[in-house]
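Below, in structure tokens: the form predicted alone, a single chain.
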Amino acid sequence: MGWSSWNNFGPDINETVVRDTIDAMERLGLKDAGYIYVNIDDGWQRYKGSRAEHPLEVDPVKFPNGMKPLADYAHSKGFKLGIYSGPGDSTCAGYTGSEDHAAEDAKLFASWGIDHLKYDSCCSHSDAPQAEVQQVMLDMSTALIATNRSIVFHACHCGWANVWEWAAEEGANQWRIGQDISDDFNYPGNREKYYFDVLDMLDRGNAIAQYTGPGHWNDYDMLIVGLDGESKQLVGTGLSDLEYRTHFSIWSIMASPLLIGANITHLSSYDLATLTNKEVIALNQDGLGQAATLQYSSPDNSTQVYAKMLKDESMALMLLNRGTTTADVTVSMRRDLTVPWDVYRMRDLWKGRDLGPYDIPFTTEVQAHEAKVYRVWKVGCTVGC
């Protein structure tokens, strides 16, 4: 959980923005809600162009004090600092990359006090054979381990090369399951799929949910809550407040990393209420580390039920309306969720309201593009429950 600079600022990132973000995250209660990582994406480097021609250095204009004092400042406030590089000669934004310098750069990042590395092979190795992608990711993973510093390793390959099948074995802690997210809930046109909307990511993640687990996560991409169509980098016209809340519900129940992509200082009170709902965040941070999976879909796929078990033996439940009109959604413990709970109680996590107990299927009204999220506990069950 944390924040990443790219969606809002792109390569126009600097020390003042990062320090202001740290201060705002502390002031607005985001740190208390669990958002700890402050990740600087592409654009911090001094040089554009090839690594063969330029060393990897911090831009002295954007970051006049260097990275070590900035990491020290983050740590003094209870945060962790992340940085970006890639295995190519240059990065996606054209800055100096880490090609053939993984060990050297890992030592450099560790010396600065870096806590998270996004290692982006999307531009340099998009068409490379899977074996080559695996090798460059393994090179950096091995180099990071050799520093003896605890650094989260994000193997970013935009869902290519079946990254979810092998990245955890190479020591990656997270990997992107698709290409960049757009600031759309469900884009109606035929845009070339370089960008995936919220429902695209949900469908991709549901198909590979088994690869998520403690310490290694399917990454649905940065959160778009609060962007409101104003991103400098992403396409899209923005979501409604309700759609942003649904987006956050999906990322939470699917156990995706929660990295805010908006300008923290521009978040509305509704955005903050969405991002700091501790009961919804608890589903994301649950110790079992499971991702919810699709349990039931209506014949036209307009309404769906997702669920997962939690460490305390309760259940996380999401009722999603993908359609354009309000619908009644019914969920049966036996039919849809295949648990023999004869009597159960629920808590609506967005309304903060306890419900039940029930001994019949549960029915509720769900607005268009809304996700209702519940925690469910058994009260009574058949033998063998």
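None of these values were measured; they are calculated from a predicted model. All residue numbers are counted from 1 along the displayed sequence.
The protein also exists as the form predicted in complex with beta-D-galactopyranose (GAL); that form is not presented, and the subsequent description refers to it.
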property	result
Segment that reaches beta-D-galactopyranose (GAL) in the predicted bound form - one of 87-95, 163-171, 238-246, 108-116, heavy atoms within 4.5 Å	87-95
beta-D-galactopyranose (GAL): the contacting residue among 279, 139, 99, 180 in the predicted bound form [heavy atom, 4.5 Å]	180
Heavy atom within 4.5 Å of beta-D-galactopyranose (GAL) in the predicted bound form - residue from 267, 122, 199, 309	122
Residue contact check: residue 222 to beta-D-galactopyranose (GAL) in the predicted bound form, 4.5 Å heavy atom	yes
Non-hydrogen atom contact residue 158 with beta-D-galactopyranose (GAL) in the predicted bound form at 4.5 angstroms	yes
Exercise: residue 6 in contact with beta-D-galactopyranose (GAL) in the predicted bound form, heavy atom 4.5 Å	yes
Members of 32-62 lying within 4.5 angstroms of beta-D-galactopyranose (GAL), judged by heavy atom, in the predicted bound form	41, 42
Sense of CA distance change between residue 123 and residue 220 in the predicted bound form, threshold 3 Å	closer
Change in CA distance between residue 124 and residue 220 in the predicted bound form, which is 3 Å or more, as closer or farther	closer
